[in-house]
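Same protein, same chain, two forms; see structure 1 and structure 2 below, as structure tokens.
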Structure 1
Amino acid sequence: MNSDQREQQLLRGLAENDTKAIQTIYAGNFSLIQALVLNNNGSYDDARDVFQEAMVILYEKARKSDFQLTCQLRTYLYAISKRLWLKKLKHHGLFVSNTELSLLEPVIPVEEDLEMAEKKDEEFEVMESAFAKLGEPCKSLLEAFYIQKKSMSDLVEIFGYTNTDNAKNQKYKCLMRLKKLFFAQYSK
């Protein structure tokens, strides 16, 4: 079964409320929509709401006998979600002017965004893999600084360095090690 046939099967399943088809569509597409919303002033709950609304729209379309999907399911859901999210941003007075929104209405250039989002997802996966291979204490040190937003003074205390210069030096070495691991995997 090729990907077009598979997507048509998923659409038929969605139209018939097939739980497995719905779960497959959700599993294959939610992370993309989540990235779209999170990268544009939204929260995880916003992403869930937008995706749910997009699924309802897709469901209603899929139930119509004359509906034909002319792009990938992922592209279609992304376009709907992007439009929904832009409208919500506009409603809350954020980010989008009326002109920008009206320009986006007829044709949303989703292919570029989709490619960028897929590339970012791929890079994120490579970074996650590189980070997992980093080892201790670098992993904990970088998490403390970049994720937990600890100061250099905090790092001195937590990791037992003699001063902040030593902490900075160790952080730099860990970053270089992570960078090396990342690019070793990324170039493959």
Structure 2
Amino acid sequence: MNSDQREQQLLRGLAENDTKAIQTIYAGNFSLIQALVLNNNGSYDDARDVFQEAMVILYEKARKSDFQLTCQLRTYLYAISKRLWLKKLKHHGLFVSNTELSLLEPVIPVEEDLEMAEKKDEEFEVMESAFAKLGEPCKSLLEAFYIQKKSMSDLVEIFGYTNTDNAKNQKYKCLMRLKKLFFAQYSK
């Protein structure tokens, strides 16, 4: 298998949330990004955040049907991470000497991906805050059903409902509230 096919396989694995693929990509690229961030005024936590954010962007990209990576996975992650970190530095008003950051591989156009990721992030933030405002036990109930994909009978057991109808009822009420909260912010 040549390296190109291997990378394609890894990306497919990532899109399918395959643990092994994620670990391989992670182990193979994290140190590079960590060095980049650490050498440019960042901390270990910053490095982790930046890298994981880059991974998320790669994941979104890999999930698209028309997806095509025009460069090496490593190069892509590097380009994305570099942009992300520069943005964060600017945000914190920190000074960066351009020497390190400009000494890099040919610039890959990642602006579009980043913009898209940002838009997505905003949506997720809205969803997150809607969930946060929802309050318990609705939050846990909906998370269990929609995020952890538990079945109705599981919910009955976990949350102690007398029967599934009761659980359904409760879930419906919670969902309606969440929807309201979400659209109240989303449409703005």
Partner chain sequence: MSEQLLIESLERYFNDEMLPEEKAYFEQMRQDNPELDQMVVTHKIFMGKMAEFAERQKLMTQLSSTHDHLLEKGAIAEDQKKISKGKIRQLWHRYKKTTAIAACIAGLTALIISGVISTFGPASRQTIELLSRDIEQLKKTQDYQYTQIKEATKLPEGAVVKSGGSAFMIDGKGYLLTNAHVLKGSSAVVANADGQEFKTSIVYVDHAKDLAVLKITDSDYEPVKTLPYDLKSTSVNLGAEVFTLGYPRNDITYNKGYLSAVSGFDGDTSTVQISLLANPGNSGGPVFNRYGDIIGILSTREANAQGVTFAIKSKEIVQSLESWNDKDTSAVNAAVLNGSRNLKGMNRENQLKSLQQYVYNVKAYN
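Each residue is numbered by where it sits in the sequence of structure 1, with counting from 1. All of these numbers come straight from a predicted model, not from anything done at the bench. Definition used throughout: the rigid core is the maximal C-alpha set that superposes within 1.5 Å between two forms.
Between the two isolated copies of the chain, the form predicted alone corresponds to structure 1.
When two forms of a protein are overlaid on their rigid core, residues whose CA moves 2 Å or more are considered shifted, and D165 is one of them between structures 1 and 2. Taking the rigid core as fixed, one finds a CA shift for A27 smaller than 2 Å between structures 1 and 2. With the core held fixed between structures 1 and 2, C174 has its Cα displaced by at least 2 Å. The shift recorded for the CA atom of A132 between structures 1 and 2 is 51.1 Å, with superposition on the rigid core.
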